[in-house]
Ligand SMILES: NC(=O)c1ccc[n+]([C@@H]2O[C@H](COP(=O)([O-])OP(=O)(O)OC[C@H]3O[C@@H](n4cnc5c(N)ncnc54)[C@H](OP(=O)(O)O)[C@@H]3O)[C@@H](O)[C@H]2O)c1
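The chain that follows stands alone, in the form predicted alone, written as structure tokens.
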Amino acid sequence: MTETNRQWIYARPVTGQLVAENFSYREIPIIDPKQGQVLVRNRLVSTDPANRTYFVMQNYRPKLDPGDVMAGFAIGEVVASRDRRFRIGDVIHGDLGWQDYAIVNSYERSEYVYKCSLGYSDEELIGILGVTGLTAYFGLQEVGRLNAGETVVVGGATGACGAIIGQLAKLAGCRVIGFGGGSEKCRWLVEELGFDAAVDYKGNDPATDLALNCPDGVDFFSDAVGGIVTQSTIPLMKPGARWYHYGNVSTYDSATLDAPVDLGKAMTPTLRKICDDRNLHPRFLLVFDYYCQRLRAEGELAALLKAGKIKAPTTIVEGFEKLPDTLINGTLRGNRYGKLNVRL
């Protein structure tokens, strides 16, 4: 155990794109747990697009204020316990923050803090078996309800959740087209993950490219991006098509306290009319509301992974000092494949 607890602090209010100056580094003494608490040593921290929303709004967690430890999900090990739920050596998943050591209280919601199952790597626990993998799983269970032969379009397909959604749709017998940023990522979707086709949202005419790949229309749209991805897909959606909208990454890094995330920013009057005429409604799902089914979902995803029927692409950055840059230039700029984590 080190003598101090390294932390990244939200230091300056976000007024535009997130920059390194919004964070500051500090070291504080390690705190001994009190009754009903455990001390967790973090091992692997997840950097996710949703982290950017923490600065400007309350969603599934309270909004950050300057001076707070930067929030983020992590995998850690219990090193001291005064909570009967946890023993020394237990591996914990939770909103543990950007720090070496976190205090977990007995009243924390079990959706956000729980003891991990044995037999899996940290990367699997925080990725395909964690928030992102379960967001994909429950989204398809509750919204997708896929049938073999249907056409599925996946926004953010090279990201942690989109990569899983696309593969699960393929296993369901669907034709899957994914959006990727650049020709290299589009090739990766087809050659590495088995998508039927990919569309470059940075290309000259992504709407036409998508239409050429969906001659019979779209049955299910998984949207985590908004912007040109949403605008290209809605005109192709069939009447009553299902629409899973779990993010709006294209607008996150412009969000401020005065202008928070706008989930409807991509919707022109023409697109709204199409939605009205065809009965198209985005369905939002908070994955934590389904955590009573977490172990079942975890078991099914783990079995697919073990059988080689699904891949869990992961990018690992080494070093506590890399956390701000990884979120800014990796997660928010799209410079990653699959799940992006920082090993402390």
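A residue's number is simply how far along the shown sequence it sits, counting from 1. Predicted model only: the values in this text are computed from it and were never measured.
Below, we turn to the form predicted together with this ligand, even though it does not appear here.
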| Thinking of 144, 195 and 210 as one candidate spot, does this ligand come within 4.5 Å of a heavy atom in every one of them in the predicted bound form? | no
In the predicted bound form, the residue from 151, 232, 99, 158 with a non-hydrogen atom within 4.5 Å of this ligand is 158
Heavy atom within 4.5 Å of this ligand in the predicted bound form, from candidates 129, 140, 249, 74, belongs to 249
Contact flag, residue 176 vs this ligand in the predicted bound form, heavy atom cut 4.5 Å: no
### Message
Contact with this ligand in the predicted bound form for residue 86, defined as at least one heavy atom pair within 4.5 Å: yes or no?
### Response
no
query: Is residue 162 close to this ligand in the predicted bound form, meaning a heavy atom pair under 4.5 Å apart or at it?
result: yes
ask   = Taking the shortest heavy atom distance, is residue 50 within 4.5 Å of this ligand in the predicted bound form?
value = yes
Exactly one listed stretch (211-219, 166-174, 180-188, 109-117) reaches within 4.5 angstroms of this ligand in the predicted bound form by non-hydrogen atoms, and it is 180-188
Applying a 4.5 angstroms cut-off on non-hydrogen atoms, the residues of 273-308 near this ligand in the predicted bound form are 284, 285, 286, 287
